[in-house]
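Given next, in structure tokens, is a single chain: the form predicted alone.
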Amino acid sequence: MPHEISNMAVSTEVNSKIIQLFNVTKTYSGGVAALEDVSVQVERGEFLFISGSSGAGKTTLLKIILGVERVTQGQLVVNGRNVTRIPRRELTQLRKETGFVFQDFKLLENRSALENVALALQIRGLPPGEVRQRAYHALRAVGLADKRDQNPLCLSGGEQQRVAIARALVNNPLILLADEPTGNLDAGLSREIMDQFLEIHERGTTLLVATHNESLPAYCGKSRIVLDQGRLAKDG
């Protein structure tokens, strides 16, 4: 039965597949199915787009991979761990290996760009010197080292999103998830953010980007899957 896949059954593909969803269904209270019987396999180091209209299930899929939502049926394997079978306390390590970029940036307006990036490291209790150094290097990686002391409100939309990307990258994640990262940006800034993702991908990070913008997969020259009302509609 596809819903009874064991850890042993997936272990042979651990080296090549970093994310595996087997017949995943997510149903919320009231019987509303956000995802229904979705099976997807993502290669280690792959750059994959998740397309679909608003409400198609893109955000739910990313939240399941991140571990903040649990599947109702089916199984999820991330980096060799069957997430549907491990206790919640073990999800902490999984989240350390996964970065997340939001559409609305979610930056703290009363902190500088550097402080926003550093927060993810401070939560882990790292020494202040290491925190500042790693936060600075993350900002430099997205081309914003010279804006480290700027308040987010003084930055452009594209710069704010790059700070958010630096924050997601500061823990050196194996996987980077992005939920409509260009939804609030114009076409020029959207391409700028996609160029940033392409650079990150070249370093070996696995990327999944959810978007309703049909032009982005073609611009990046990457594959996509399409969700339609919670179901997998097309494999690009």
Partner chain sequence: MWAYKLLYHLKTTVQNIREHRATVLMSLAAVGFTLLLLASYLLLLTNLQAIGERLGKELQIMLYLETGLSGKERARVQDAVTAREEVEGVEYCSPQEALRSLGEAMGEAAHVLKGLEENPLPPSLEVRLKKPYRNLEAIEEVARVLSELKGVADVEYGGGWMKRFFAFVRVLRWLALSLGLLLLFASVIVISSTLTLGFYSRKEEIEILRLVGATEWYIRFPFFLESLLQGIGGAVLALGLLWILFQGFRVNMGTSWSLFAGWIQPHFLSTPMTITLIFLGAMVGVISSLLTFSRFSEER
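Every value quoted in this text rests on a predicted model; they were computed, and no experiment measured them. Positions refer to the first chain, counted from 1.
The same protein has a further form, the form predicted in complex with the partner chain, not shown here; the description that follows concerns it.
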property	result
One stretch from 188-196, 48-56, 172-180, 66-74 that, in the predicted bound form, holds residues within 4.5 Å of the partner chain by heavy atom	66-74
Exercise: R124 in contact with the partner chain in the predicted bound form, heavy atom 4.5 Å	yes
The partner chain contact in the predicted bound form: F102, any heavy atom under 4.5 Å	yes
Interface membership of V142, the partner chain in the predicted bound form, 4.5 Å heavy atom rule	no
Contact test in the predicted bound form: L107 vs the partner chain, heavy atoms, 4.5 Å	yes
Within 4.5 Å of the partner chain in the predicted bound form, all of L91, R95 and L119 (non-hydrogen atom)	yes
One residue of L114, V78, V131, A138 in contact with the partner chain, assessed in the predicted bound form (non-hydrogen atom, 4.5 angstroms)	V131
